[in-house]
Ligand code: AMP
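Next comes just one chain, in structure tokens: the form predicted on its own.
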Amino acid sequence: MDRQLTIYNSLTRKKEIFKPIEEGHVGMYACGPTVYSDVHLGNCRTFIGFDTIFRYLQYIGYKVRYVRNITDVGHLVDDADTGEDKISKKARLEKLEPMEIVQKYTNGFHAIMSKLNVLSPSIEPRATQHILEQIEMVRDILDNGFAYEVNGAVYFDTQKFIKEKGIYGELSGRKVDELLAMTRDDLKNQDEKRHPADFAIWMKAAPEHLMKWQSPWSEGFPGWHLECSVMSTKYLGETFDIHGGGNDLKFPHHENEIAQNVGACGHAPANYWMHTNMLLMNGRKMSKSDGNTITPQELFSGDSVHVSKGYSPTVVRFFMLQSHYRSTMDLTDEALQAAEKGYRRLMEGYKTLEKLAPKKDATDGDVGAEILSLIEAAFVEMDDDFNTPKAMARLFELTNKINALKDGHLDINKVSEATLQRLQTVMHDFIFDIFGLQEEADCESNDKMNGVMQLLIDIRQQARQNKDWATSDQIRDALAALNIQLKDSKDGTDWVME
């Protein structure tokens, strides 16, 4: 590769020049969703982030094998080592088979990813498809002395691992002394463990547990952390280039993955660890308990108290690319409105650029040189740990140049035909291939739709005040026939497209 790409490595806490194991090839693994509920908007940010990384690596010439898993067993409520499996619990509550829950929410996840124009990974393995491999890794960890079996359950021996390997806690920054200082009083309801920091790699299933398999130790199921160790190494090798996920996975999930891989294979799985940061809303952590939350579908439809209208998936993607993947970002209605305006401005600039006629005898003057410099700067920003907001800022500077050329404020005779063609190619590639945006008329259409709907709501409200129930019902029924539902409340009337 001609470009010098740097990546912030969460393990070393510094930017490093990216050197793949195999020249021209990249192996990348990102932790996917646990499919027991609709995908969270914060997870969407992570998947958009790694999709953009996937796109850029391919764009600059790498052949990328991108693996993103589906967790469909072993992830217990509260991320604990005891209790109920999240999918089994949802299956019990909805009176469905666990695999019905898995299929339902996997389909929903894929639908949202498609709307956000997130590319499918190269491989999307499921935990339940790799039970035999997980049993084999448990056996390897036991054989190497880093696990122990108690009453059909197998636990990773963190104390022994810490004393012999000394790397536990490096990724997350956890203080090993504090982990070692924990006592049996901290075990709570996990008396089988030798130490509170130990974690399950195979769990014995209770009789009522819905998802279980035969193993040398018991009829049970694998620990949540094990699946990623198994599937990443199966498809990418015992050592691969990039492992990623959200910041919340650093501990215990990724820390335990490293321990498992070292325990089974003798070395850590990945050379570069990448983590996306948190998505806030209105300056606070998203939380269902206090109502500070919104689903992707509610964001698209506008059916939420937190937004004044719906925003297209492309605008949502554009909004998320305006913050660096390692920075927190705050979702507000005002920020989304600004993102919508920014998206429109960028697309209008691109359409203007397509119409600019190059002068065949023109040569690059200062204007052409400035354009070429900004083009290179956009790539330099992406090479600097995939800095999408700064790269996008360069595109907006180019958009200013484009508009100035159109209006005659800059002399198009000082831009060569080759430079103008280069600008057209790069703007297209950044917008569509790297940033993954889509050309939509939906933004303007949404505004017009909102205006028409508000007019109908006002007419219907006036009819209701005049006790003209026939007109009121006619408007409601006609909209219902178009799959548009009106929702009356004490605060007024809202509408949602079903």
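From 1 onward, residues are counted along the sequence shown. Values in this document were obtained by computation on a predicted structure and should not be read as measured data.
One more form of this protein should be noted, the form predicted together with adenosine monophosphate (AMP), which is absent from this view; the next part is about it.
Looking at 128-136, 151-159, 244-252, 379-387, the stretch with residues near adenosine monophosphate (AMP) in the predicted bound form, meaning non-hydrogen atoms within 4.5 angstroms, turns out to be 244-252. Comment: adenosine monophosphate (AMP) is not present in this chain, but in the predicted bound form one of N277, Q337, Q297, T352 has a heavy atom within 4.5 Å of it, namely N277. Of the listed positions (H75, K193, R394, K401), a single one reaches within 4.5 angstroms of adenosine monophosphate (AMP) by any non-hydrogen atom in the predicted bound form, namely H75.
Among residues of the shown chain, G27 is not one whose heavy atoms approach adenosine monophosphate (AMP) to within 4.5 Å in the predicted bound form. In the predicted bound form, G42 approaches adenosine monophosphate (AMP) with a heavy atom inside 4.5 Å. Contact annotation for C31: at least one heavy atom lies within 4.5 Å of adenosine monophosphate (AMP) in the predicted bound form.
Using a 4.5 angstroms limit between non-hydrogen atoms, F47 touches adenosine monophosphate (AMP) in the predicted bound form.
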